[in-house]
Ligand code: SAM
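First, one chain by itself in structure tokens, the form predicted alone.
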Amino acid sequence: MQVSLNGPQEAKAQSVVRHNWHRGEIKALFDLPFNDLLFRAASIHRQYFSPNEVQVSTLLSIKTGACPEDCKYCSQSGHHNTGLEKEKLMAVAEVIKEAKAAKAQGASRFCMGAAWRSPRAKDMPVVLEMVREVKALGLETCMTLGMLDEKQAQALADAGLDYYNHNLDTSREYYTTIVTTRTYDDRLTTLAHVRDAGMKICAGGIVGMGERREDRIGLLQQLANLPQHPESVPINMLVKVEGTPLGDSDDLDPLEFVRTIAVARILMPTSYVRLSAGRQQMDDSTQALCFFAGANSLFCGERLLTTENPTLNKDEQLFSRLGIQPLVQQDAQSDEHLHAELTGQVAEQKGLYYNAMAK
């Protein structure tokens, strides 16, 4: 398949929000000369976002270790011997203290993650209180707690949770190589419950797990062909943890990672595309290329759940060198309103996501 490039007008023509991408089309984007791909992605990015603003989030592990899932990349899986100590669910007061610190450091969204297969009934009241208290600080709220049923999703929505994170990890074809304790459809079902409850979705994946480019294509196709694109799309670079089955994986070419960011931006032009795990291993030039290619969100803070992340000072220095500003909350709300206008209302037909499978 040939993809032509005739300047800004061609890029604009390609930025229509679609939900029917074919793998051949996505492959053609990946196969473009690097400069042409980045030009297209950057042109599309500028139609929907300021090119020099980045949404900043902070991620806190509110319950660490002993997860029953067997995800081969995860330091918190009870199936792997990584030396990580199991910790109980944090107290609400501790979480609020961390949230206040994150806000003081410029974060506009506070994300809370628990190493669960799914939330237990006895823990839900504490989790809901965390949402309400963090929300009261004026921060956007996000949680990742594993699989949700309909009632759990609705309870979180009623408490005021803005975003729910539930990554697809990789393509449907490669998924069972990485995870066997829950299915791909389990993940899509949780996303359906989140959408039906009226919350926003944060869903992306991990690259560098030994997958082929075809699998990166399949992951992005699945996300882009959902009836409504995730409002936030985290693209993680594998952080190799000793003791996990992927601890000695080969490194992914950094330019292939940048290509993945660029294609995600083209396929989902109104979504925030987030640089997530793996930034500690990236040099500044790679991150700068990612921002140019359309990444406009990242996690700040020295830890992402259990792995290292660039320090606040290092991010501030990089932002200064690139002329990038953190997106403030007021701007984030304006962008959210624009996003709603561009993508339309949440699908009303309950269960629509169950049928959003890649063809």
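For every residue, the number given is its place in the sequence shown, counted from 1. From a predicted model like this one, the values you see are computed outputs, not experimental measurements.
One more form of this protein exists, namely the form predicted together with the named molecule; it is left out here, but the text below deals with it.
The named molecule in the predicted bound form: contacting segment from 261-269, 234-242, 133-141, 149-157, heavy atom within 4.5 Å | Contact criterion met by 234-242 only.
Hey, in the predicted bound form, is residue 110 touching the named molecule, heavy atoms inside 4.5 Å?
-> Result no; residue 110 lies far from the named molecule in the predicted bound form.
Going by a heavy atom distance of 4.5 Å, is residue 289 a contact of the named molecule in the predicted bound form?
-> Result no; residue 289 lies far from the named molecule in the predicted bound form.
Residue 114: heavy atom within 4.5 Å of the named molecule in the predicted bound form?
-> Residue-level check for residue 114: yes, a contact with the named molecule.
With the cut-off set at 4.5 Å between non-hydrogen atoms, does residue 191 touch the named molecule in the predicted bound form?
-> Contact check for residue 191: no, nothing within 4.5 Å of the named molecule in the predicted bound form.
Which residue among 200, 172, 182, 103 has a heavy atom within 4.5 angstroms of the named molecule in the predicted bound form?
-> Contact check passes for 182.
In the predicted bound form, which of the listed residues (277, 128, 92, 282) lies with a heavy atom within 4.5 Å of the named molecule?
-> Comparing distances to the named molecule in the predicted bound form, the residue within 4.5 Å is 277.
Interface residues of 137-175 toward the named molecule, as seen in the predicted bound form [heavy atoms, 4.5 Å] = The stretch touches the partner through 144, 145, 146, 165, 166, 167, 169.
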